[in-house]
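What follows is a pair of forms of the same protein chain, given separately as structure tokens and numbered structure 1 and structure 2.
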Structure 1
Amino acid sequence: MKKRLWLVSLIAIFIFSSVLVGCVEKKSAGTGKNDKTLIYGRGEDAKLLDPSLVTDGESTKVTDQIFDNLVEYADGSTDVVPSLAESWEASEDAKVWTFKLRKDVKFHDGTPFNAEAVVFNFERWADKNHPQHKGGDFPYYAYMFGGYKGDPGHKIKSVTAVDEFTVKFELTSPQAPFLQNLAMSAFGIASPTAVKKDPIAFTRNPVGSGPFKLKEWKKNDTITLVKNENFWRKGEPKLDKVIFKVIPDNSARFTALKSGDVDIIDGLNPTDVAPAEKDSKLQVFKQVGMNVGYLAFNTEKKPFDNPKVRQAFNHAVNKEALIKNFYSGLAKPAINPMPEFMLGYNKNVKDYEFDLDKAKQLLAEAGYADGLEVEFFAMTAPRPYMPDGKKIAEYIQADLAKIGVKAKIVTHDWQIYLDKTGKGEHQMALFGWNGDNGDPDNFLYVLLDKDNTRMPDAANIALYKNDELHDLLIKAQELSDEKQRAELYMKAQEIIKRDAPWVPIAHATVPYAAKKEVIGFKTHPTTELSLEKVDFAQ
């Protein structure tokens, strides 16, 4: 027996060492110590690195660094400024758009950027029969431009190369936010050579023209980008390397920042903002969010088919307290479905004040003097517009109890939550929205129009249907005059307030924290991330 034990150990050692010998072939370890490397801590890994295929912000945070769009958003607003297109003009009827392109741009693989490249990208996204329409379903394209080639609602009739550096778009009907749409992360222009080589592999080895190029992707851990030495905007990027690091838990990520493991983080817990601000080694960036967190009533189910009940609940939600406790004050109480800085925001709409007596009275008028029981859906995953849905639900639950409403909180993980609310299985549910192109249509039409109540995938989870509102919103889509549009949206907000399909709760501020020596970092209302101007002090 003793012998055998020995034999086993010997064999084990032999196998192990032969494995070692087989592998020894030293590759570069370590790295230039003087490189300027920024480590960006965030909560989740990217899914794919082809921006036209994804819908999650974690993927586009990375692709924003790799790809450029024809146009981009200006600092701090959703106004559009030149990027790969130097200039553009629209025809009288706003149906034909002509873009003049930059002539000095090359993709990371050396392919020159030109009008053909733009046409290639748009055709790949639009045409289901395109040989490289692969790797996914190009959801944003269909979403922003009314479907794919051949669909009845498809907005883009054609994209043509007029000459080497001029591109012409013909639309079927005017689209008010057309330029804003082009600036969205999803429409980053990819190198045709790389896509043609293998569109599936492209999702892991993206090639764009942006300030950084992909070096390495360790799944669920890090994505390393290195400087694009030939970036067309001279003098940028300032950094040599950017590493995106996944740290799922918000507080663990903050700890990593404090201990210097990472240089900048997003998804800061609201409660950690004050400590971060006090910390002399850190700085905090706060971005007024283009978002809304709300409580939606299922207007097709009892008791919320009765507007009185919805109004009563509106009076029973203490927004100030919620913001103080769960957003650490980092939010604005929401009165309308969209934030204040947006086109057509109606300042004259008066909110339902927090008043439990009034709420009780309204309930009694609605025939629920003896109270009622409801199911209350709350999400467990922290969302940018609602850092802790469960806690917010608990707080509201306690206030509702005071007006005789027994609310039973039901939580689901995010996938099931989307599924169930999309099918209208809830009575009332916490929900929210991150705007992505800065247009009011992106809030009011998407979230509250009757067009978007189709189950099982309703985006309007209140299932709120109002024809008067619908007419206003459709009219606003086709106008291009801002003033006229603003008027229509103002009217829409009044109707929504009156009918109270939601309790709008808050427009959350999105906090980032970084080491003091990080300079040049700017946040953006769309939460698009731009790192080409970021640098380290000294």
Structure 2
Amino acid sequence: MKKRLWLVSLIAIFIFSSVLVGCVEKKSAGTGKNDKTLIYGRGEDAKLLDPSLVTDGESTKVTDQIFDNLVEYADGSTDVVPSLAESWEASEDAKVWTFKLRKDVKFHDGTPFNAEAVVFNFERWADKNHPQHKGGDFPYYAYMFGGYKGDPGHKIKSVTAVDEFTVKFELTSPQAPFLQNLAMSAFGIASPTAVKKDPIAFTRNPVGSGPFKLKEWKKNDTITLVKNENFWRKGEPKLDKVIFKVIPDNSARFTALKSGDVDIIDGLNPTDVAPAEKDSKLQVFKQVGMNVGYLAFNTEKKPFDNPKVRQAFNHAVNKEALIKNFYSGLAKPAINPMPEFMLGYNKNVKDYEFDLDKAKQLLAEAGYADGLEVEFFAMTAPRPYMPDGKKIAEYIQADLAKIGVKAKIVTHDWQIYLDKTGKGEHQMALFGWNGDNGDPDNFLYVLLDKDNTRMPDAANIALYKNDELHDLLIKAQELSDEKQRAELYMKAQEIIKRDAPWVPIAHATVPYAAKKEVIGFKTHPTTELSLEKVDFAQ
């Protein structure tokens, strides 16, 4: 009998111990406290993990952790501070820029970082005949530097290694936002060894010098990064592991945060902000958006080749109602393509009033008195500038019906959506932009200049071309005097408002939510994500 009791007691102790260990292991995986694993919930997966090949924020959220740039943005602003370059100087005419590089950096594969690595990356992006210019063109390079090698507007004449840790850029003409451009996510410096090995495979297996390294990518599920033990900033990163988890539905993502399955989320429904703020276990971050959500008209397709039709649609979109119903007030109506706090914003430009009678009149003048039918692309993925594109499209669709327009809403997976709009396959499409560098050039030139209608990666998805606008924007790039630049940008906004290639809808405040114990997380005006300082409170 004693042996039986002893055996029962031993089994009970074993079961209790197993349960206790299981609880501890679950706590470690669920909260990330013990092994310092942060789980970041988001709405969509990355497209590719080579930042120079993508334009979507879901990809750069990940690549920002893997790559470093020559320079980077300061916390909370677009002021430029050192990164892989310790210092720099420009010639008097601002056409030659010389950078002194850090000497203590290696890429994740052990390749030394030096001036030749910088030259390799820029030549790969610029030259379509370069042996590693593969996987597609490099759209952001063309957007920001006037095209590719040999194109008439190409800004970068040469990039040369002066010595092992000095690199020199020669420009064809001054470019006011040149330094800010270099800090953009797209221009993270990659390991030449890894790219040369297989530039296509590199898009799925990136190698940079940043605080985290790629461990695993389960498509449409998770991307797992692990700590770079040899990161050149001593004491960083604080975390051992970061897992980006795809949870497509905004409400389900918020539920996952409340239940402890994830640690931080973006794409928070505006209606969930107040409940999150009241939850003692959570914290909310709000970033005033350097962004714009808009409805773009393909000006090369009927009926939007007619400016009167575009103006009519502007009068048929009720921005105030959209902001009230779908942004919960966390946005401002957009009048111009860029936010009002940016250099050269034109406060004198008047918006098209919501006026359905005026919209009908303009349609009649354009030859569509009996109405028309259009295809209306709407994104289903939550974006910082547009929390619920499908519902916004349905609201606009109802108002368009009142002026005789039958709009058929078309949706696609986010990556397919980007591909189709970049190829100009839409008639009209909801879209948006998160500013990259704090300069108006990054909105007006990138999104609305004729240079950026190159397909299949058009940033100007309206395919809008205006020579007068182009001349103003190029001149503004080449000036250093901010007052003169501002005057040119103000004129540019008048032209854009008159031609109406878009309906600018909103400049959104971007909400994030996190568990209370997450510390060191900071938002940024560009929505760039920096996780090397993030930790868990002890």
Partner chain sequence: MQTDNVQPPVTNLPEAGAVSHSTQQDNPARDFARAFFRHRSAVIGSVLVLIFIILAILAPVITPYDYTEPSADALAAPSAEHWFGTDDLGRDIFTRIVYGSRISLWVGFISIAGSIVVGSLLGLLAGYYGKWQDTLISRLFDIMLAFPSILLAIAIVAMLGPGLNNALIAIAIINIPTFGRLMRSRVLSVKVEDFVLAARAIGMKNSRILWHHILPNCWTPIMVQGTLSFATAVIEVAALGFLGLGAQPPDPEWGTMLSDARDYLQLAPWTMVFPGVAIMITVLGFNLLGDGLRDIFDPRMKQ
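Sequence positions of structure 1, starting at 1, serve as the residue numbers. What you see is a predicted model, and the numbers here were worked out from it, not measured in a lab. For clarity, a rigid core is taken as the largest C-alpha set superposing within 1.5 Å between two forms.
Chemist: Would you check which of the pair is the form predicted together with the partner chain?
Modeler: Number 1 is right.
Chemist: Rounded to the nearest whole degree, what rotation separates the positions of the smaller rigid part between structures 1 and 2?
Modeler: 24 degrees is the angle the smaller part turns through.
Chemist: With the two forms matched on the core, what distance in Å separates the two CA positions of Lys324 between structures 1 and 2?
Modeler: Spelling it out: core superposed, C-alpha of Lys324 shifted, distance 4.3 Å.
Chemist: Fit the two forms on their core, then tell me the C-alpha shift of Leu444 between structures 1 and 2 in angstrom.
Modeler: Superposing on the rigid core gives a C-alpha shift of 3.9 Å for Leu444.
Chemist: So with the rigid core superposed, the C-alpha of Lys402 shifts by how many Å between structures 1 and 2?
Modeler: Reported C-alpha shift between structures 1 and 2: 11.4 Å at Lys402.
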